[in-house]
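Presented as structure tokens, the chain that follows is alone, the form predicted on its own.
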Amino acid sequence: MYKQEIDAAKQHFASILEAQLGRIERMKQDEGFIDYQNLDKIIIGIVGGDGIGPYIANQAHRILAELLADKIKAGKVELRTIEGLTIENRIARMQAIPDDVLAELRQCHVVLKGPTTTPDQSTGMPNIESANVSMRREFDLFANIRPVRVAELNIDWMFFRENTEGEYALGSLGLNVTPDLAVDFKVTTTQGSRRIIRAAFEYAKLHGRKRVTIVTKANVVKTTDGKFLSIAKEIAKEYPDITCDDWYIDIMTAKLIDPSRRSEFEVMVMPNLYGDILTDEAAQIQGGVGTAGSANIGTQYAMFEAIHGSAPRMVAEGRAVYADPSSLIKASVMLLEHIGVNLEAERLQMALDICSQFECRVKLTGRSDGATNEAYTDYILETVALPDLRERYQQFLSRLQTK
């Protein structure tokens, strides 16, 4: 009984194993990280995406053009707009990333990307893989890095989410064995786990952080999560000056909203799905997913994006011009840091904090009773240009400390 179905499932699973074993061999041949300082010109691709994506990407583009003006004029940096990564074009081509768009992306060193819509079969869309998942796999962007800072609550978190494995890597390869049985897959490799965990510890070491927290569900998901946790404990021994602890994902979601505990966390590292859940919760504490950016880092390529979706309802209701661009502006901070433009990145981060957490002279509501994203970006650019920006920023921090 069910022999034909089981044989087909075995064949399907075998093809997945072959692909993953091939990926492991490629990881073993890793060439190491690119040195942006040795490039004659850094090409930064700007991708609008779907829904509110083009609106907020335009504002981030304005900020990068302003902060990098001297380098652009000197031919050291190029901002290149890439069209075509839209849900309409992807469905028309039946590709997660159309071939011509992928070719353009490959010509860039880093990309700033607006949100893209993931096709949803329940709404009648075809079963096309997420553009994000596809891009992470195509460019081996193994580290998803998301900062969350709320000075008033003494929160300064950095999340390291594994980006190329877990449930998401094989999310479009699940199998309906019979009409009654559906199976999805989760993958964890030694190489994939080591590189994301080591990245978290290296970040902590470089930035003077004293604690790295491992988040899994290893008590239940014993094989894959168990591997991730055991590798983390092994790597932790190489960093004796850094405290390493581990939490299960369910209780970790509670501790992030525990006022007596949350400020103790500094750097957190976890498999893919848990990172997606936890960073959305963390962003909500900061002010919502619209305020949070993220970096997707590989050894030879990097992509920076918002963590929220394309918000098609805002577009349908004519509110896209009021969408908060903070997510992509925060992603722009991370992009600037990644390519070594640290002074400009620092000034942009200070301006973003002043405009969103301290001074707040221009308010966004997502509706016509608040500012447009263009007006908000004007506010940030005015703040970045202040000659006493650093002094003003320190004044705000001092006021918080005396509360």
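Keep in mind it's a predicted model, so treat the numbers as computed, not measured. All residue numbers are counted from 1 along the displayed sequence.
The form predicted together with a small molecule is left out here; the points below concern that form.
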- Note on the structure: in the predicted bound form, the residue from Thr86, Gln286, Asn132, Ser193 with a non-hydrogen atom within 4.5 Å of the small molecule is Asn132
- Item | One residue of Asp276, Asp246, Glu104, Glu266 in contact with the small molecule, assessed in the predicted bound form (non-hydrogen atom, 4.5 angstroms) | Asp276
- Message: So if I measure heavy atom distances to the small molecule in the predicted bound form, which of the stretches 228-236, 303-311, 72-80, 250-258 falls within 4.5 Å?
- Response: 303-311
- Using a 4.5 Å heavy atom cut-off, state whether Arg146 contacts the small molecule in the predicted bound form. yes
- Does the small molecule get within 4.5 angstroms of any non-hydrogen atom of Phe160 in the predicted bound form? no
- Would you check, heavy atoms only and a 4.5 Å threshold, whether Arg319 touches the small molecule in the predicted bound form? no
- Query: Counting only non-hydrogen atoms and a 4.5 angstroms cut-off, does Thr189 reach the small molecule in the predicted bound form?
  - Reply: no
